[in-house]
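Next up, structure tokens for two forms of one chain, structure 1 and then structure 2.
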Structure 1
Amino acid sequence: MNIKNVTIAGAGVLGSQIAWQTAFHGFNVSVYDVFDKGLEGGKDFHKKFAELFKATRGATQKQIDDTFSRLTYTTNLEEAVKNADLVSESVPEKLEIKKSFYNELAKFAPKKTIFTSNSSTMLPSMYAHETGRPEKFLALHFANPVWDANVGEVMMHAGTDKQYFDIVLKFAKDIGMIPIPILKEQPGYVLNSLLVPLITAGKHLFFNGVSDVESIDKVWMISTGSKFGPFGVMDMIGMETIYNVGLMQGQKMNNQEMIDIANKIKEDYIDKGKTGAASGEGFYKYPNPAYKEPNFLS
């Protein structure tokens, strides 16, 4: 199967990056979001990515123009997937939203279409039934930012046909990712199995008054050589996802502290418009967060 036409469902922080990266590498990309506001946000992201690619990645104006020519935007799901060879889903990290989306997607997508989920915490088997084509459904998970943390984690579930696993591995490579094959379901894949405990520990240290945001990030960055600490990472991911994942983990583990921290993030950050790097403020202020200052680690 030759993939040419790709639909990205969700124009948020990661969805917009996946769409840009895919179009930049020569694929026709239809960006779908349920809200006009979401699409407008995605378009704004793409304008910023164009300038970023010219400034830091040596992209020519022709490459940028060609990328934009391959991008279309719609709030009509049927229109978005009418020619899709592959769908990459980045809708909110709530199981009922995922299930509802796939029930709708199954009504409109051609039989040829492969469905992939970019969920960072949920397993494909949790909503494979809703796809109507479990053999053509699997996870393709991206890190943030896509073009720098360029791993594409490809994870099958028990019902995935191996031929589609291989196709998606090739697709990940074709859009500039380093494919990471995951042969059986693992909550958190590889990346988040390593990252989530770090973020959880960072939240515990800060919200329990053990230390402050900058000090926690400094310790991690100095000790490991990482570009980011846990709070810089959370800003990139976005507070909505951090809240949803933290709340879900707390409820699943019956851990009241995790639930309380999730609610604190909602009250102190999300409800005040501080939703992360994309909004201009989270734990840090953007576009020039303190952790990028030359003397931050001194």
Structure 2
Amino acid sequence: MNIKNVTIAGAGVLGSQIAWQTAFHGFNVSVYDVFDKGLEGGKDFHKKFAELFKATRGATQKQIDDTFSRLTYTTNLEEAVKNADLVSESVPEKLEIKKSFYNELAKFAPKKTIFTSNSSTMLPSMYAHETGRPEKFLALHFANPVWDANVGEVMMHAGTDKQYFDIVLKFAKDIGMIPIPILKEQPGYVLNSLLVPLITAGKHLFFNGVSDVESIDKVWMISTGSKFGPFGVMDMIGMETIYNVGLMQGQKMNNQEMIDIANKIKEDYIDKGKTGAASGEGFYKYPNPAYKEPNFLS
């Protein structure tokens, strides 16, 4: 099967990036959002990405014009998917929204269409039934920003037919991702399965007074050759997410220490405006955090 026409559902932060990246790589892209406001937001993002690609990624005006010529926008789902070979879904991270979206999509999409979800925390099997075609449904998960953090995690659920897994792996490669095959469902995919325990361990070491932020990051950076330690990473992710994930994990595992650490992050950082790199301060001060100084590791 040859993928040519792609529908992106949800024109928010991630959907708009996936749409742009896909159109830039030569595919016809129909951008769908249920709200006019969402669709207009997606168009605004695309104007910004055009400037960004010219300024920082060496894109020519012709490449930008060609990208725009391959993009169409609609709030009509039937129209959006009428020719779709593949749908990439980035609607909000709420189970009811995902379920009702796939129920609607199943009504309008041609039989051939492969459905992929970009959900970060949910598993495809949680709404495979609603797709009406579980064998053609799987996850294709992107990181933010799609073009720099260009890993495409492709994950099957138990009912996915392997031939569609292979097609989606190839599609991910064709739009500039490094495709990562994930053969069975894993909450958090590969990336967060590695990253969340590292962050949790870092927080534990610091908030229990075992060591300080910079020392912990130094150990990780020196011994693994990584550009960041757990606290540099947390600043990039943003404290709100770190708080939400920490609290959720603590409640799920009934772990009071994790809950206390999450609350400490809220009191000592979020409530004081230190919400991470984007706000100018988190564990480090930005735009020149200590861990980026040339002598940090010496």
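One-based numbering along structure 1's sequence throughout. Basically, rigid core = biggest C-alpha set you can superpose within 1.5 Å across the two forms. Shifts are known only where both forms have a C-alpha. None of these values were measured; they are calculated from a predicted model.
Structure 1 is taken from the form predicted on its own, while structure 2 is not. Put the two forms on the same core and the Cα of residue 28 is off by less than 2 Å between the two structures. Positional change of residue 218 between the two structures reaches 2 Å or more at the C-alpha, relative to the superposed core.
27 degrees is the angle through which the smaller rigid part turns against the larger between the two structures, based on C-alpha superpositions.
Once the two forms are overlaid on the core, residue 254 shows a Cα shift of 6.4 Å between the two structures.
We note a C-alpha movement of 12.7 Å at residue 281 between the two structures, with the rigid core held in register. In sequence order, 192-298 is the sole run of at least 3 residues present in both forms whose Cα atoms shift by 2 Å or more between the two structures once the core is superposed.
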